[in-house]
Every structure is written in structure tokens, then in C-alpha cells.
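Okay, so we've got the same protein chain twice, two forms, each given alone as C-alpha cells, structure 1 and structure 2.
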Structure 1
């Protein structure tokens, strides 16, 4: 056993026997070498916390933006932090106290000792000092997804990591928007510009009530040990972007907005300064129901004069996204920029298409095309520069999601994605997308770069095609129609789709749904203003309007059948390629729509819906019924004037059903 034949002479088996009965191993150092030395100077840390601090390298979350400017004013880290804290403190200043809370950076769980540096911009209030003046509020500023995951999992019930790495979370009792609880301050800023009254989504409140709710929200946020602050952008067009600040109490809300807004580069964050618009999300705290204009313990309040939004009594994150969209619907038209509730994609040759459509019409499915670049899925601006996405992310429905039907969305649900109100397996953490036990409105929020064919930056040239989608469950609209400018305005203002009515057994009567500008809940001005801007831009840029029915053919729901998706895709392809512009057209009755006589890959007989109905009288009756529903809906908009006369409204009205 006393072998000593190691070629390098580094070790040998000795002849001695160890106490456990095994042969001893003896090591021999080489004269001029080291056998295995991984020694290094000891880490200079006195505590575990200090050791942890060496693991971390400071950075800021960013959106990948090509060609960003790198030059910015040199400033020390301490001065920059102080400026940020001053700005955030000013945002959180109460109306009845002259300063905001005392703010320090970082998580209170990691800062047991008294902070070494306290910004000295706070002065002694002239009002009575309350106990709140004695405490610090810790600011968690523009945290990364990893940091926000830690915060959510540690401190927020219902937060878990799913099997694909997404963060599953709960939005509380409210699992959707509360449009009846949304209020807009009616003052000199909004009195003449906004659409008020019948049909409008804008329910008024006065400035005083807003300030009462703002005080309640700010006091709640100031009472917390920590608040999350996001400083981000809206609109990818650098000339017209808006700086937004979101102050919230939940890591879930901060991560959601990190995904949905445009993430600044570190250089942009250095010079962020004062935001153009601020959200105070105190959703865990209810509003006072005895306050004037309140109808429940939930209130979502917009003050366009102060450029502020207050959220009380709902933790549903979509309120922030859509609240900011409403703000863009007000601010952008003032710059002659059209804000649009639409999907948008671009072909390899730079041809851009806009897709409008209500829920269930196929907007997401048809605007997601592997042969085209995705500019955005929901909110856009059309300016003199072209089209630009408002957001930095996507907010996709998850109910019945499958890898086969929506592979891009499926693959986007990974680390960094927020999953709202989904159900998952307790052990494997695999999500059951068909489960509706929390809500049917399950959602995923993820950065747009998670989509493989997303165009970064999310901007494109002027649109060539404006596609209005309707799922017509009455079965009388053609699969595709080419629209005149007046017809485009008429159908854009109408915002029609028809779905199957209710859930009662035996009820098969379709129900018409109209939503002005395909997003009535978010528009601020009268629909005719947006429609006129759309027509003006289409005319100037030579864009064509199309009405595409993704609903029924050969009869209404219950007797006819849904138009096959491959046929609709062929129609969309023909619009993109430009081949539909050169097709032969004929005009339909009642709606006066121009329909092509043939489309490549689509059976010609289905292009005119009358051909597919065996009962021609039933077709005619249903057509007249739908025409009547359109006319009745449009009565809300007929008395609106642009300019001195009613000429434009009359022109739009003449483009509707005629019988």
C-alpha cells in the first residue's frame, strides 16, 4: 500500500493507518510550486450586512432605446439623491402642512440605525406639528424587478413566483376598473374643452372635493414606513413624451407601472426633474363616502389643472394605466396629436396599420403578426412625425390563454411579468389559465421587449391603413368593406361590436355594444373632435379606412357561423399588401358599404353577406334592425358643432345607414 509513485510528487499514500482504519494521505509541497492555492485577502467587512452591501452594484432600470444621448451634467451621488428626495417630498407635500414627509432612501427593514444623511431642505412648519413630523418615510425609488419581487414576496399577501418566473399577485376586492367611481375636476382648465353630459365618461367633481381626497391619499402614504416611487415616461416620440411620477404603497403597483410606462435610461433619470403628471395611489385606503360627489368607498380622481390623479379604495392596477391614457387623450390633442385606443404594427417595407376594436373583436390576435413588427398593442399617438406607442409594455388578457393560440403572450410570462388574480397549483406553481375562481379578468403585464418582433423604439411612419374591427353577432355586416373618410368617421364614432347577450339559457339574441372611438371610457373630448382629427390625418397621409367583421355569417348567432379566422387573416393580408385597393367593388344596401367582389384565399360568396343567408327576408329584417340601432346610438352625437356650423356632423351622419 505504500505506493509513492505520484509523478508530480504532490501527495502520496502513507504507511500509517488513521484511527478510522483508512490509510493516511500525506501532502508534499513542490519546491518551486504551489499545490492548490486559492487564498485571497480577507474581505474588509465587519458585519454580514456590510458583506451583503459588497454584492450590490448600483444601477437604474431601463428600457432599451437605441441612440439615446449620453451627455448629462456631472453631479455627485449625494446631490442627486438630495434633489430626488426634494422633488418627491414636494410631490407628497400636504395642502395643510408646508412640507412633505421627511424622506430617506431605502427599505426600513434594512435601516435600523438613524440615517447618517438627512436632506436639510425641510424647514419647520408654521402649522401645528403632528406626530407624523417625527418619523421618516423611506422612499424605494425606481426599483428593479428583482428588488420589487423581494418586496412583494416579503410584505404582500398573495404574492408568489410562478413556475415560469412571473410574479402572481392579487388586486384585492376590485378585479377590474370602476368607471362609475372615476371623477374629473370641472374648472377653468376643463369647463370648455371636455365632453360633459349624456354619453360622456367624464363625471364631474369640484376642486375642493379633489383636494379633500388628495389630502386623504397623501396623509395615508405619508403615514407608511415606506412608499414606492416610479419616475417614468409616456410616449416613445421623444419630442412629445410626458414625464410621470407614480407614488404607491405596493411593490405590485410599482412593478406594474415599471412594465407599463417607458423606463428611463440612467442618464434620463439624472435630469428627470419635476414630473408633468403625478399619481397618488392610496388604493388600500378608502375614500370618505360622506364627501361630496362620492358614491362608494372607491374614488379615482383626475385634476387636469394640477396634473394629478388620486386613487382611493381600489388596488386594481389597471386604474393607473387607463388614468394616464385619459390624461394623454386630453394633453395630446392640444398639440394637434391624435391619441388612439388601438393596436399598431408595421410591415417589413415600413407600411403601418392601426387596429381598432372592442373586446372580443380580435384586435390583439390580428395585430400580432409574426411577419410584421409590433409597435404596440393598445395605446398610440399619431403626430406629424408618424405613429408612436404611448406605453413601454403590454397588458394582456390571460383567461383561457394557451401556448398554441397566443405563443408570444405565453412566452412573455416570465421573470419580470406581473400576473393579476390568476389561480395556480400550490405545489408546482403552474398557472391554470382557465380558472376563474378569483375573476375572469385575469391579466399579464410585461415589458414590450418581451415580444420577439417588437419594434424598439416603438415608433413608425404614418399609417397606410386604419382597420376598424367589429364582431357582428347579427351576421349582416360584410367580412370587409372599404370606407370613405366620412364613413370612417361615422364608424369610428360609433365604435360598434355585437356579442352574445348575457348568460341566460335559451337567450340567443345578440346585443349591440357601442363605445365611441373604440374606447369611450377613456376619451376626454367630444368623439367628433377625435374623428375629425383622424380623418384629417388620413386625408393628409393618404391612408385608407376599412371595416372588418370578425363575427357571424349566414345568419345571426345561433343560426349562422363565425367567419373563419384564416379568411379574416387573408383579408388583413390583402389590406397590408395593397391588393385590396385595386379590387372591384360593389355597394351594399342600408349601410352603403363598398365591398370587394373577390379576395385571394377567401370564398367570393361570403364577401356579400346576403349570399350566405338562406332566409333573405330574415336577412333584410336583421339588417334594418342593426341600422336602427346605429341610428339610435348616434343621436347622442348629432348636436355637436365643430366651428360655426354643423356641416361636418351632417356629413358624418349622411355616411351612416340610409333607409
Structure 2
């Protein structure tokens, strides 16, 4: 699996113009001093068309021709091709007409590839009841980044190449996720297992409504000349790898998923077979408000029984990645594997750290650390064998991105990277990362190997440190606290942060929010199920929990300021090195947190937030206010037992603020 996704040349311009034998035209000085430009050998083409045909070299067949020996009778390339189209046609089948579309591979703009007659595809439907059955849908299957760039630039308004080679694109009206429009089918499969009701992200829908939306999406996709299909993997743990198929209408979506999921090798693609899960992304097309349950024109629908997800009315690409994350939050715990909304990296000595936190708290920024190996920035699994990244790429916020503070992310923004909703100079195409005119939630999506010290394959041993990130807009949580196991569970279940503007629609200012397991929008089971697994794993592996405030200091949002990133990095360094474990500690009031009195490279006075507030009364009031919010939030969890013994449950309840 080492070759996965980083197969040499996959992201290079290898078959492009420069290397492909187009002889450089040279001018030679002739004796008479006149310059002639015909002295170089002529190009091997008689016509412009022929010349252009020389530009592209035929790529190595994705289907290696195998010998005839072996236990199984080899199937021909043609047969395999037909099987693949049949599988895609079945994926796109209309359920009301019981037929799949007629498909042909390739770009419809290349007329020659469109069959002039109906070929003898044995899967061709025997009866057709709509005009769409008379046409071919072109399938652009697992295109390369270069091909996707060309599709985007030709056909998708708002696509441009930036000065560093990234593909700038617009996600349309939605520039963040729409958690209130995410629905899950409630049926026999999910009734007992899933978390329903107050606080749950799983807004219910029935199977019939799902099928109505599915038909709407499939009909929309089939009405197009072409669709993009990505067949890829999730999870670097080979025993628990999931095959996903993403059907979408935009090159932007296809390139995004190419970057975010694990990229199959040609051999793996050849043997891909039937996907375990399929996404129908018809994001340009709205859902129908007359459809039961629909409260807006956006709907993201998950059907675990059918293993399908339908997206209508939002083109924000993050819905696909986070939708699949929800699926993993259902599938993995069934196998006693904990799914984690966390970043993950590893030191030279093999010490692994997890970084939990809600959107904008620093998972991507802090797990991308030049002195450590990056395992992943956002979604992981923790099994009996250690940790594995679910994804094949990263999705970094790029508002106010600076080369100095985040050099590895800066340098990852190059050819192949999708840059969403950024603003750039119309001539130089230089991106202005400070501009928020489209949205504050500007994003870069790149394959993980664009980070120089990525750990490929993206797996590692059991974590040594579990870092909980909170961006505290109240400015009262200490920059770092060492947590007991019970405190770690209390804060994990609470999932506090200030939601930073942008990632979710309609949030313009930071506001206090609690999101169980630091990812309530993505979990499928009750939070205490994940918490119990985390407690069990941390206890068994002897991992230490930490709470790191990447938010405000010296006052709340508006009067104080955000803790400087270099200070947070120093704190994280001290956690990794083990030096913070042996520091001197004192306990804070109200939250009862153990805070170090010194951290190398960090001014000691900021370690206790009370020192940074000039108005001590305001500090005390704000501290009590936040403590009260924590208490109130935790009320919903007081009736649940966590893990097998009541002792831990009692300890967790006692580990919150005390006043």
C-alpha cells in the first residue's frame, strides 16, 4: 500500500507539452548575419491537428495485461471496461424506471468518442420510458488533476489557475456546511443504534423521502452530458478500508475528492468492484420544498441501509468529506474501532499525538508541524493496532495564511490543490489570503503528500498524548492544562469551543458552542459510546490528556486577543517532548485545571489567564459565566453510564467546574 496515492508522476505534468518531444525552435546566426528559424528539425506533423495529437502521449494502460496462466480465466480489457460501465450505470439507475443510463467513457467534447450507433452493451435497458434514455451520459472516470483542471477551466465559471498553480474555484451560494439540512433515514437499521432526539445531529427522514431526493439527484445527473465518477478508498488501515464512489457534476468536486480520499493505484482500481458507499452529488440542483421534511432548498441525506448519500442544493465540497466521516462514525465503532475528529502526528521516536477540536480550533495548523510526521489533519481511526488516517488529503483554512507562520501549508498550495472561494489579483493571479469578500471560510484541499514530512502510509502506533483544542472566545481558559482521565472525558463529551465564523452557514461572530466529542455534527451514536471507547483506549495505553486554549487571552473576544500561534506551538512542543509532564503545576479555581507555572518559550504570566485581564472582576464574572454554560450543557449527559463501571461515570461528573 506504500504506493497508494503517491505513485510517482500522478500529480506531475509528465505528459505535458514541455517533455514531449516538441523540439525547441532555435535561431542560428548565419554567416550573412540574417537569422533563420528553420534550421531545427521540423516537427513530425503535417497538420495542426496532427501536431496537437503529438502533444499527448498515450498513458500506460490502467489495466495491465495479465498473462494467461493463473487460476482465473483473464478477462479482456474490453470486458473489464464494460463491467466498469455497467457498475456505474447501476449506480446511476433510476429507481422508478428501473434502468440505468446509457454510458460512454470520455469527454463529450471529443465527438469522435461518442458512439454513432447503440453498441451491443449487454446492460442496455430493454425498455425506456423517457427521453434521457435515448442519450448517452459521458463518464469522466477517475480523471487526473490535469484533466480535471481543463474541465474546470473550460466549463465551470470561476475556475482559474493561481500564481502558484492551484485551481481557484467558487463553491457557489454555500461557502460552509449546512448541518441543519443534514438528514438520516430512520429505519430498522438505525432506529436502535443511532442517537436520535435532543442534541443529536441526526435529523430524521423516512426511506420514501430519501428515495424521492435520490431520484431527483440521479435524474439531474443523468440529464447532463457528462458526470464525474471517483472510485477511491477511505482509511489507511488495510483491514478496515472502505471503497467509496462519488458521482458528481463538477470537476471541482471530482478534484476535491481526488485530493481528500485515498487514491487507488491502477491495480487497485482495476480490482475495485462494487463500492461500499456511494455519494450522488447534485449540489447545483435544489431539493423540492414540497417534498416531506424539506425546510430549505438544501438537503444532505444519508441512508446507511442503502449505503448512499444524496446532496442537493449545496456545492460546498466539505459536505462530501464530512458526510463520509459520518458514515465512518457508524461503521467503525461496530468493529470496536474509535473514529476521531482529530488531527494526528508522530515524532521521530514514534510518539503519536491526537489533536481534537471543532472547526477552526487548530487541528490542521498544529498537526502540520515541520518537526513531526503528519499522519492526518482531521479524521482518524483508533483500533487495537494503533491509529490510521481515514483520508488521503488535508483541508486547511487559509484565511490570513502566512508563509512565515504556516510554511508547510503555504507550500502545499500548488498544482493539484483546490483553493475554494479565495480572492486573487486578476492579472498576477496572486492570492490575497486576507480577503474575506467571498467568505471567511476560504479553504485549500491538497493531497497529504504535498506536506513534505507526511507519514505514508498514514498510520501510526497508539497515541501518547491526547490534546483537546478549544478556541475560548471568553478568554478564561488557560493556554494549557494537564487533565486527569476523568477531566479528559468531561471535556471530550462537552466539546467546548467558540465557533469561528464561516465554516457553518450563518455564523458571523465567534460564539460559545458545545459539540459532543468535538464533532457532534458527525457522530452517529450517543456521545457516551465514543467517550467510553476513548477512556478505555487512553487508560490501556497510558495516554495523557491536555486542554489547550487556542483562543483568547487578556479579555474576551472584542477586548483581548487571540493567543499567538508561536506560543501555542511552544506549548505543543513541550507536550510532545515530555517536558510539560514534569513541570510544576497549580490548580485553578472553578474549572479545577492543573496549569504549569512555566513553559519554555512562553511568557509565564500568560499561563494563568487571571494575570492577563486588567479588570479582575470582569475576569471572575466571565469565568463563572462560562462555568455555568458548561454545567448547563452537561445536564443532558448526567443520566448516562460511561463505560462498564459506575466509578468512572461519577468521576467524570465531578471533573467539571465546581462552584
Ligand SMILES: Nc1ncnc2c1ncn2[C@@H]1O[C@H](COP(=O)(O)OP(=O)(O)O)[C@@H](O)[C@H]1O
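Positions refer to the first chain, counted from 1. C-alpha atoms forming the largest set that superposes within 1.5 Å between two forms make up the rigid core. None of these values were measured; they are calculated from a predicted model.
Open item on the list: Tell me which of the two structures is the form predicted on its own, please.
Closed with: It is the first structure (the form predicted on its own) rather than the second.
Open item on the list: Quick check on residue 273: with the core superposed, does its CA move 2 angstroms or more between the two structures?
Closed with: After core superposition, the C-alpha of residue 273 moves less than 2 Å between the two structures.
- [ ] Look at residue 363 and decide if its Cα position differs by 2 Å or more between the two structures after superposing on the rigid core.
- [x] The answer is yes, as the C-alpha of residue 363 shifts between the two structures by 2 Å or more after core alignment.
Task: residue 612 C-alpha relocation of at least 2 Å between the two structures, rigid core basis - done: Yes, the C-alpha moves 2 Å or more.
Task: For residue 600, CA displacement between the two structures after the core is overlaid, in Å - done: On core superposition, this C-alpha lies 5.4 Å from its counterpart.
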